[in-house]
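To begin, one chain is listed below as C-alpha cells, in the form predicted on its own.
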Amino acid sequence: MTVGEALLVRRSKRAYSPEPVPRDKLLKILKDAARAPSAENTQPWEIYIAEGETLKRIKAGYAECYAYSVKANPELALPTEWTEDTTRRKRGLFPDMVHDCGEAIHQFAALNQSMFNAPAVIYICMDKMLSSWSIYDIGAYAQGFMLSAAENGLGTIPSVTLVIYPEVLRKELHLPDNLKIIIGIAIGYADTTNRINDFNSSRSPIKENVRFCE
C-alpha cells in the first residue's frame, strides 16, 4: 500500500468487532507512528493504551457520566466559535452521513457514547509545560498512527468524545499530574456489516483553500 492509497483508505470507523488488536500489530503501528517529525526531535507524545478490563472500567465510568448528564470537560479546550467556511463544511456532514449510511445513522449517538465498541483506545498526552508547537507534533504522530493502522487492516477514529471525562481517564490510566490529555483514537477491526462505516466524508476542492503565490 502506498502513502496515497493509505490516505484514501483511512476513514473514521464508528463501529468495531470485538476482536482484540494483536499486540505485535499494535506495536508495529506505534513504532511507525513514532517516526513523526517533531520540533528539535522532542517527541512530546506520551501514549497510554486502554484495553481489556481497563477499557471496560473507562466505558462504565463514561456511562455513569452520561447517565447523570455530566458536562464534557476535555483538557484541550473545545472551540467556542467557527469561521464561516468551517461552519459550512460542518453543516454538510450530516446530510452526507444520511446519504452514505441510511438508517444506520441513528446509531451515531449511541456509538459515540460506547466508544464505538472498540477493543482498544490510545490516549495521546503531553507535558503541561509544553506549548502549542507540541500539539502540532502530536497531530503528526496521530496521522502516522492512523495511516499505519490502515495499512495493517485496522480501522481508527480520533474523537473528542473519547476524552471528554478526564477524571475517569486519570483514575483508570493512572496518569501523572504533569500530563495533559490531548486526544483519543479508537482502534480495532471495523464492523463491515454496519453501514455506519460506509460514510466517506467529502473534501473541499483544492482551489478553495490553497493559494499558489508566484
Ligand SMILES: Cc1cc2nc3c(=O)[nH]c(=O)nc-3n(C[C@H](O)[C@H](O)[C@H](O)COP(=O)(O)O)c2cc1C
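Computed from a prediction, not measured in an experiment: that's the story for all the values here. From 1 onward, residues are counted along the sequence shown.
Separately, the form predicted in complex with the ligand exists; it is not shown, and the next lines address it.
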Using a 4.5 Å heavy atom cut-off, which residue among Val168, Leu147, Ile183, Leu179 comes into contact with the ligand in the predicted bound form?
Ile183
Can you pick the one in Val70, Ala63, Val160, Ile47 that has a heavy atom within 4.5 Å of the ligand in the predicted bound form?
Val160
Contact of Ser201 with the ligand in the predicted bound form (heavy atom, 4.5 Å):
yes
If we define contact as a non-hydrogen atom of the residue within 4.5 angstroms of the partner, is Ala140 a contact of the ligand in the predicted bound form?
no
Any non-hydrogen atom of Leu93 within 4.5 angstroms of the ligand in the predicted bound form:
yes
Answer yes if any heavy atom of Asn194 is within 4.5 Å of a heavy atom of the ligand in the predicted bound form; otherwise answer no.
no
So which bits of 30-51 sit within 4.5 Å of the ligand in the predicted bound form, heavy atoms only?
none
